[in-house]
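Just the one chain here, the form predicted on its own, laid out as structure tokens.
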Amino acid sequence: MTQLVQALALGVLIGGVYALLAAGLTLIFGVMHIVNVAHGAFLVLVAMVTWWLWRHTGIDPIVASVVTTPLMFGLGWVLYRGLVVRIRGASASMSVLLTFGLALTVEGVLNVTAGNKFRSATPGYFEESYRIGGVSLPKPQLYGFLAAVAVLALLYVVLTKTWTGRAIRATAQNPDGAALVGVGATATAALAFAIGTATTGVGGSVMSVLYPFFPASHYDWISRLLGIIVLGGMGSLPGALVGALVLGLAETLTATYGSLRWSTLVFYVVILGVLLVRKQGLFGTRLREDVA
């Protein structure tokens, strides 16, 4: 019984981190229908910057997110205004091509400047844990989970309690109707893209502690994150949260009662099973056949 509780607890902690990593990706798709395959590369970029700050200044990697988050917000705004806005309204394939080009550019820059080798930030608490009864909660996963909860809660408040959030949601649900009441589609989309990119400021910092990374590891991450948002429903933040928890629990339960190397396969089997029953994912909206 203790083994099961341990696996569930660790699965929830990891799932919370995955939800943070996927939140920005699903927000951008929900508002602009842009598949940002550069999201994984942005996470690796932030992880590399965080590692450098930790290595040379001693700053805690997760605390470093107070530096990386505004930087990524600014980068997201500039990229949207300079590049992404040019394909607004185009087919999804155009967004995939553009953002894949961005991902390759980030990977190339990191290869040249940082080298093609694994890195990981290992603060003093890296191997420490809290014990509650017979359950062990590793400090890195717990701190990463708490950071994820804080960011997701802030994102929820911004989207539901502020005029900016209402404008973003209105643009996502009905762009023409939002424009009729004075919501600027371009400015709102730029803000949504910047916010979605800013989440990588925290996500990448947390990732630098929990997972070894190197420039090309963004391929693995974007495949996981796309799996999460497809399972939950494209553009659905609650769906991304549920999909992330499913992935976290699949990893820990499979590792506990089977083998870790099968955990990713189990997750994709779950995705396949859900999509056979609900093509739009758990929380996705079904489109009419004539507009799908």
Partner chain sequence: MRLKQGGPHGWPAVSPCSCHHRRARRGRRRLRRSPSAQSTNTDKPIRIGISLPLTGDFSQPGTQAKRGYEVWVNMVNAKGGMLGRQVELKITDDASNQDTVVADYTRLITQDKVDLLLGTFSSLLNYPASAVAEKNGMLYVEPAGGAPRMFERGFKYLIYAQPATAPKQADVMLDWVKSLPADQRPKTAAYPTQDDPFTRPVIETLQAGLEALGVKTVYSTVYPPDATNFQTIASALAAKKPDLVAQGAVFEDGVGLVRSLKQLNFSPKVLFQTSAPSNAGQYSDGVGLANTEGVFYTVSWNEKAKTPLNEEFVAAYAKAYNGETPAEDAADAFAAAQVLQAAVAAVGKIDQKALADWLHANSVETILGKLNWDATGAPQSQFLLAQWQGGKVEIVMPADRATTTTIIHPKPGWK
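Residue numbers count along the first chain shown, from 1. Everything numeric here is computed off the predicted structure, so don't read it as measured data. C-alpha atoms forming the largest set that superposes within 1.5 Å between two forms make up the rigid core.
Below, we turn to the form predicted together with its partner chain, even though it does not appear here.
Figure note: of the listed segments 125-133, 188-196, 154-162, 86-94, the one touching its partner chain in the predicted complex, with heavy atoms no more than 4.5 Å away, is 125-133. The listed set 212, 184, 74, 101 contains one residue whose heavy atoms approach its partner chain in the predicted complex to within 4.5 Å, identified as 212. None of 149, 170, 109, 216 but one reaches within 4.5 angstroms of its partner chain in the predicted complex through a heavy atom, and that residue is 216. For the chain shown alone, residue 283 is not a contact residue for its partner chain in the predicted complex, no non-hydrogen atom being within 4.5 angstroms. Mapping the unseen interface onto this chain, residue 252 counts among the residues with a heavy atom inside 4.5 Å of its partner chain in the predicted complex. Residue contact check for residue 260: one or more of its heavy atoms lie within 4.5 Å of its partner chain in the predicted complex. Using a 4.5 angstroms limit between non-hydrogen atoms, residue 105 is distant from its partner chain in the predicted complex. Scanning 9-47 for heavy atoms within 4.5 Å of its partner chain in the predicted complex gives 10, 14, 18 in sequence order. Once both forms are fitted on their core, the CA shift for residue 52 between this form and the one not shown remains under 2 Å. Once the rigid core is used as the reference frame, the Cα position of residue 260 differs between this form and the one not shown by 2 Å or more.
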